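As structure tokens, one chain now follows by itself in the form predicted on its own.
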Amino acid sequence: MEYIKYRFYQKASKCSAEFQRLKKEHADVVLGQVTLGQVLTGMKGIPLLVTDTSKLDPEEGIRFKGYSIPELQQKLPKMNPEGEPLPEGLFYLMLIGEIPSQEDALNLSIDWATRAHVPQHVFDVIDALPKTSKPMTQFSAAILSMATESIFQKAYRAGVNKKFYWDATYEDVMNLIARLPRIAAYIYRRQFHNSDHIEPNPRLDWAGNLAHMMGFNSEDIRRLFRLYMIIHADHEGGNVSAHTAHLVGSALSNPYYAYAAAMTGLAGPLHGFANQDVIFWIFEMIEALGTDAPTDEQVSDYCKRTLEEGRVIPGYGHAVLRKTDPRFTAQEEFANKYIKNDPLVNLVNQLYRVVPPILGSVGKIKNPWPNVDAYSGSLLYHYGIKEYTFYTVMFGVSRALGVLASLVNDRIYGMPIERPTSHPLSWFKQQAEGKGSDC
């Protein structure tokens, strides 16, 4: 058993035993009271999932295995001291629960490079789709088509003992993560660069190689890609993409099926598609105002008009967070360090001044602060990735790190199939008012 896999098994087998003990000895412990409002508003706040990789605190933001984003920027291995952390290091942390050494992160990078070969039929599936297909359609189809390579699927059909499900899942997860940059870059070059594809460079790290295969080779953009992959990697287990991967995986669907399903959730406007909405809305504003350097008053008037039309200001607000998203702040600091006087970045900073007071004055909005999507598109656009319909694919590549690490945990814990109870609306009315309805 190779080193990283063995380290994971050492740590996770202890947690698995603890999971089984708690399930056996404390199944009757009451964790909280579910309200009708929680059921009817998307199950918000109901403690229903075990997710070890990260936790989202409403006041502090995301923590990966207890570490904040600023702490990770200090502690995780980097290619060079002044750069951004390697996503390989974050994956190691989420999987094993320890800050890796430089050698650990680089060994993981090498491992992924050796696993990165994509079968030809995957490219054939992508090429069979119209070039007008949305990038996320192509990305999801490509992931699903790789299920032919599933080690878990083959092991299950061969009758492997369920205590070894985690092993085959681990192999699928590692292969899938390794191949995602190649697939994403292939879609990007096919759709936006006349299928002028660029071969991978196995000497580059995982995020740096994605930038290279997309056609971007400056050290600054490699730094941005590493940051992007870090901050989008996970957001605890209740978001749509993470929960979907967990749910589909609970049926013992192989990781390719589970992750393809997660990506169709990520593509929704209320989830990962929001990063595209932000840029689209900003360019709408620029066109409507006739300038890319509007005054605060012009921006304010446009924002108010957006709200009066019954629309939202994309990139602002979050289902859980009640402060400025630390992922927004990390990108703001990156821009301050590397980017000087870019009109789009300047406008994003201007929105940060103008929007929160407007949303705060509405009264009904609990969180008037920006989230990760408010900044990410402007940085990508600055470095030449102007095809914002592709931004969600990049989000998807990053999100693999967290949700697939969790999927391995699900299998080593022996998580059962997820099956909550449901009732018709009339039952809920009966509970609330003592009488049913015709619904």
Ligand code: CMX
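Since this is a predicted model, take the numbers as computed values, not measurements. Note that residue numbering follows the sequence shown and begins at 1.
Heads up, the form predicted in complex with ligand CMX isn't pictured, but that's what we're talking about next.
Stretch-level contact check against ligand CMX in the model of the complex with heavy atoms at 4.5 Å: of 334 to 342, 100 to 108, 269 to 277, 130 to 138, the positive one is 269 to 277. Heavy atoms of Asn367 reach within 4.5 Å of ligand CMX in the model of the complex, making it an interface residue. Put simply, His318 is close to ligand CMX in the model of the complex: some heavy atom of it is within 4.5 Å. By the criterion of a heavy atom within 4.5 Å, Ala260 is excluded from the residues contacting ligand CMX in the model of the complex.
Using a 4.5 angstroms limit between non-hydrogen atoms, Asn371 touches ligand CMX in the model of the complex.
Of the residues given (Arg203, Lys162, Arg311, Arg353), Arg311 alone sits with a heavy atom within 4.5 Å of ligand CMX in the model of the complex. Between ligand CMX and the residues Ile151, Ile286, Leu247, Leu307, the one pair within 4.5 Å by heavy atoms in the model of the complex involves Leu307.
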